[in-house]
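The data below hold one chain only, encoded as structure tokens and taken in the form predicted alone.
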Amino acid sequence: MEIQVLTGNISTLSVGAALAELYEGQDPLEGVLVAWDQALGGAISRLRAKGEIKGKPRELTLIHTLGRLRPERVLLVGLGKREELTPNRIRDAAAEALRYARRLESETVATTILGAGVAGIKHEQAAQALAEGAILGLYTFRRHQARGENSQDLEKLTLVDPRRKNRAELGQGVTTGRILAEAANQARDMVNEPANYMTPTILAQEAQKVAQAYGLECQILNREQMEAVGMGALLGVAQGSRQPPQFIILRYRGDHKSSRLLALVGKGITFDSGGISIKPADGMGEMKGDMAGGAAVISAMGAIAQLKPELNITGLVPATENLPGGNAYKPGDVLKSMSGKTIEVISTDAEGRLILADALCYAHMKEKATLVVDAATLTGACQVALGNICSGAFTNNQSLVDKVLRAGQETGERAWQLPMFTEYKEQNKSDVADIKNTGGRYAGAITAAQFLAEFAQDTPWVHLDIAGTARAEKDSGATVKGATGVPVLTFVNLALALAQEEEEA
């Protein structure tokens, strides 16, 4: 879909639909709505007076112009109370409005700069939110349907502002919004792919494509190279599959004068049957998405390379399948991690923390990371605790998790911090190894995070459990049914914030 910025009057454009904003309690009408109301014989005022238009968040009111305006239809978009407006609300409202316009088979849509200048929101922020809402909200995955490749029926979105002085700012907002949203959609594509179309090898190839497109350094470790560095936990999980494991490394160097390095780590289980501790058949097909964290890392690295923050960043994705083959690892086995720490396997369905253990070790032992953030569809327990509204956040460093939480809040990818009290470590104690890979039924998300903390060691680290947020069951705002792309936007926003922090230091 083409997104363009135009200086002019939205009422003069021949488009399928023209969008403008309304606020809760807004009286009288303002801006372009005054001209529209006059041209439509007072229709907007009458609907307001009858209470049919309230301006509540995401409220949509369609009016056919019947030739009285150049646009075929006008679509009034509710943004709620002015003082409560945020870029996230603009993003979600734009997504809902444009999906509605697509259902009306409008090929071209024009919009005023929703929310610009309200509640401190700058024109660039509003334009970025509009671009993100459009691209995220109109996402579809049709690759394996007769209708063919991914397509969006809406061909052009025009952002219209009457003042030429805002054009550069609006253009920059659209550019940034497109980069971020397309990265999230790329992650959605990878997660939505059936597991036979997204094996560890194919995931590594996707990483190589991103590296080639955006100038990243890419290195893929094969099984023998993993053995050489001692990744016994990752290789243990990989034993049951005929698909070879891949350890994906993407490097971006934006500040050659600094030793500060952020490592983004993502779980890359391209299919999780549970292994010998096999999962129930019902819903197992969704386990093709158990590599959502890894997909987010790969896509975020591509966006970071385009936005060019002055920061050094490495993306790490341990990738494998978890299957119950004849050579599969078993409950009761003991695996030796890259750190030398031994792990008693209680459940082969707690495999994500095993592959992440070696990835976290690699981050600080080989890449010399000074900050680490990982994302994983790690535990059903986190989804039980938090549902699909927000991810769980765990840390050994409060300053870093505060920055991660802020980065997520600003992008609409919310997370909630859970405790890491030392008493929870007791549940992970093993009688036969240094640690066991599951702490039992209670506090499962926390004991999983405590397991990972053993391998992050003293490096400032945040773990995001995205089990509940990586997939959505219905369209809502900028989120669409299926893979969500979480936490691509958080990763990129965090990188930009850390770079800005470094610049100001």
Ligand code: BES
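Note that residue numbering begins at 1 and tracks the sequence as displayed. None of the values given here were measured: they were computed from a predicted structure.
Omitted here: the form predicted together with this ligand. The next part is about that form.
Comment: this ligand is not present in this chain, but in the predicted bound form one of R353, R89, H123, K288 has a heavy atom within 4.5 Å of it, namely R353. The contact with this ligand in the predicted bound form, taken as any heavy atom within 4.5 Å, belongs to Q383 out of T112, Q383, T370, Q208. Remark: D349 counts among the residues lining this ligand in the predicted bound form, judged by a heavy atom distance of 4.5 Å or less. Although the partner is absent here, S391 is not a contact residue: none of its heavy atoms lies within 4.5 angstroms of this ligand in the predicted bound form.
Taking the partner from elsewhere, K330 is found to have every heavy atom lying beyond 4.5 Å of this ligand in the predicted bound form. When contacts are judged by a 4.5 Å heavy atom cut-off, L159 does not count as touching this ligand in the predicted bound form. Contact annotation: this ligand lies within 4.5 Å of heavy atoms from the stretch 375 to 383 in the predicted bound form, the single such stretch among 224 to 232, 75 to 83, 184 to 192, 375 to 383. Residues of 261 to 298 placing a heavy atom within 4.5 Å of this ligand in the predicted bound form, in sequence order: K267, D272, K279, M287, D290.
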